[in-house]
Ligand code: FB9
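As a starting point, one isolated chain is supplied in structure tokens, in the form predicted on its own.
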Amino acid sequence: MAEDAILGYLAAAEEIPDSGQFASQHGLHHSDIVNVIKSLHGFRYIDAQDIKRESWVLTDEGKKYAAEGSPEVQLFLAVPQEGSISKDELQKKLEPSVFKIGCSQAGKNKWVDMGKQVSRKVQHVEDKVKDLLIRVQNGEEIGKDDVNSLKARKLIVAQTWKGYSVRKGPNYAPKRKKVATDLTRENLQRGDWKELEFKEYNFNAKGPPSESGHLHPLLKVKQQFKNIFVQMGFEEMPTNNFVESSFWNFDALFQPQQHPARDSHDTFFLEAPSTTRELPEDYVELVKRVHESGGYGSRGYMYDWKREEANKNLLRTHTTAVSTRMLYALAKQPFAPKRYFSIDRVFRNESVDRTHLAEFHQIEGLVCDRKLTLGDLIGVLDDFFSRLGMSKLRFKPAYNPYTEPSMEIFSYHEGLKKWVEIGNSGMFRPEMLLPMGFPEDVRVIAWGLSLERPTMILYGIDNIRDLFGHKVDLSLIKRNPICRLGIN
């Protein structure tokens, strides 16, 4: 109906000067007129020019005063013509907001004498505010000073009206011709395809976005770490055992059974199956001996080592448990240098907050060779972290039960302008390596860090629960950019 009205009107007239007035004259909604104008303009049936008009409209408070009168007049009328009324009694007659504003404005206009008793100073007043509000409501113009006065009292606000002026376009016709979008078999059979007008193809239009899977930021960063390890000649270790025995997770690493990390407050122990079925008995005996009485130049921990503690099953607390198994298997073969790495989940019984989860990912690398030194470890770390874009490194002495010496790794963060801890490192102790069967001159250097921390820094995430877990926003997975980890 709106389309017929516009095209029909332009058949006899040159222009529709104002779409708003046109809608009013033809009893149509302006929004319907606007939609039709946009459609016709797109097909060049008409040419449309924007129209903008600034006008004033009443606020909710202004509409109320236009209907009921201004607060000052309401207060004036509530004061008796003769005599006076107490302020408390007057307040009961009016709404709190009307009383407050009315007292201020009526006193300012010198209509009433305000005190404990309120009385009139004049007998008749005009409600100019109400009159002005009604004029604004009717679309009439008012003076600049009146506008400023009403605006200051927040009774009117500016509103921008948008419409169009319309003229005939190059493709104008009194009736829109329906264009065909497809050439069908029926068109060919009937032969009417010759008279059809086809809709032009828009070769710049974007097609619907294809539905596809999206990689999680952790997977992108993980793949980049894997690429770096492979470039450095490392071999990935199998990390498919989330459940591990306490023996491989702790004891084989020369970590004493009374260590706090082995407490249930820090580790998830399994109820079923609660214990492991088998362990290499000869190796278990060597580990027990080095714990209880030492060996290989060590005094050990000098305590009564318990097999039942070593048999307990748990969710692995670090991927070093995998490294232990791999090194034990390597020691049973004729010695050959090896470089191993792993990136996978570990589990710790920690309180969940913005920087800690009960499960996270650990990145671990190790090198096994003869006569390695602390200098070799520092050199490998410099090479590894420089590939991540971290060229400024510092090392701080630290303590780990299964490495000696041990070092914390710090990198200078250009954004934070300070040194930030990024990982831990060390050389595996002889008490761990020699019971496995390695020659005495074989050394193992190793380091580890979390996957979540660098990912959070790279993607600007300050709460780990927004990165990993059930609260993750799926739109983050779809829109996160590719990861390059400082590699040019």
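One rule holds for the numbers: they count along the sequence shown, beginning at 1. These numbers were taken from a predicted model, which means no experiment stands behind them.
Absent from the display: the form predicted together with the ligand. The rest refers to it.
Across the options 31-39, 442-450, 53-61, 66-74, residues that bring heavy atoms within 4.5 Å of the ligand in the predicted bound form belong to 442-450. Using a 4.5 Å heavy atom cutoff, none of 251, 259 and 278 lies near the ligand in the predicted bound form.
Residue contact with the ligand in the predicted bound form: residue 422 places a heavy atom within 4.5 Å of it. For residue 324, no non-hydrogen atom is located within 4.5 Å of the ligand in the predicted bound form, even though that partner is not displayed.
Remark: residue 457 counts among the residues lining the ligand in the predicted bound form, judged by a heavy atom distance of 4.5 Å or less. The ligand is not drawn, but in the predicted bound form it has a heavy atom within 4.5 Å of residue 356. Screening 268, 99, 360, 301 for any heavy atom within 4.5 Å of the ligand in the predicted bound form leaves a single hit, 360. This chain is drawn without the ligand; in the predicted bound form, the residue among 390, 310, 136, 287 with a heavy atom within 4.5 Å of it is 390.
Contacts to the ligand in the predicted bound form (heavy atom within 4.5 Å) from stretch 293-324: 320 only.
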